[in-house]
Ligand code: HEM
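Presented as structure tokens, the chain that follows is alone, the form predicted alone.
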């Protein structure tokens, strides 16, 4: 049986316009859901020029061009200003995510050791504990009463971050922290609209005051956590202790308290949000694919029997990993990578002027008609060990690529495997009849309105 002929679930997709939307409709759609402004050609062409407000924008989908932008010529294509505008307000303009050049390089070097594979495996018990607690809560749900799986996964991955990076909750206001992150993300469409129109960021827009107040709270919380840890190191060293102790191997430079607070906030926000979304989509897709679910349950039982998922099981849960990888193909947590040309250059056979925005639309690349068989279908088998390396570099980008690839990619994938396996074997999740979750990009790819599902103990 070929990949295309294998049984598969094809989720309902978005309706992308045939042509670029007219300016007023484009703006309205951009604010509501930027993903719906993307024309169908992004899923069919190798590159595409679009224009808005008399400004050309280049989208690249060809894996070879993607590799140039993100890997081989990454210095010529730094992060676009929209990254600083949309994310800098939340996590600081000099954090490892937003910084450029020398500021970024030394932080990346200093931050890398805590994210080594062997270190991450030491956190598997904390991941399993958080997942087991959530599995018990989901299994105890009232019959017929929907639960928001997206919210449940956010809580679970937040608990993991707090346990592994902050040595437990302590005085940390987890509930408010999560709420403020969500409120900020809801305003990103307005930030994008102001950026596209090249308007000043001091202009008012709905939710701006609340978002800024939330940002102040988030930063103050991180500064407090760093100060307290400086004064009272954790009895059991965690990721924050590792960051405090980290030094650039070349210069010997360590992070200031402000840099620590910004990077800690970056890891907390990105670390729980992206993994939670990957899990949400993966569990929903599995609930709609009984053949996939059956194979998953068999693998989990064979590898771990009835005991807890441990670090020894992670690499053996091969099909679990495939399902998560396929979920991140269909619903990449970060659906767009914005870059800008730092100088006049060529990209393939295209002349690109300095200051031209160059975007890698990951969501479109992952569903591209020229790159994938059955691109809109849920087929975990495409990531089987004997197939995974057949796809072109630059065609699969759930964590980005090149020097700016997500530093927490290995942490996120191990965490997702442990949580997914722990929950799936305890909880039977069922899709709400007639419910079609709609992906909406707010920096990350969230299901619009959450992910209501039915949960029961197996």
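Numbering follows the first chain given and starts at 1. Given the structure is predicted, the values throughout are model-derived calculations rather than measurements.
Beyond what is shown, the protein has a form predicted in complex with the named molecule; the following relates to that form.
Distance criterion of 4.5 Å from any heavy atom to the named molecule in the model of the complex singles out 399 from the list 399, 26, 43, 52. This chain appears without its partner; in the model of the complex, the one residue of 247, 108, 116, 212 with a heavy atom within 4.5 Å of the named molecule is 108. At a distance threshold of 4.5 angstroms between non-hydrogen atoms, residue 412 is in contact with the named molecule in the model of the complex.
At a distance threshold of 4.5 angstroms between non-hydrogen atoms, residue 184 is out of contact with the named molecule in the model of the complex. Looking at residue 345, you'd find every heavy atom of it more than 4.5 angstroms from the named molecule in the model of the complex. In the model of the complex, the named molecule stays beyond 4.5 Å of every heavy atom belonging to residue 189. Heavy atoms of every residue among 104, 328 and 339 are located within 4.5 Å of the named molecule in the model of the complex. Look at 128 to 136, 203 to 211, 351 to 359, 96 to 104: in the model of the complex, residues with non-hydrogen atoms within 4.5 angstroms of the named molecule sit in 96 to 104. Contacts between stretch 257 to 289 and the named molecule, counted in the model of the complex as any heavy atom lying within 4.5 Å, involve 266, 267, 270, 271, 274, 275, 278, listed in sequence order.
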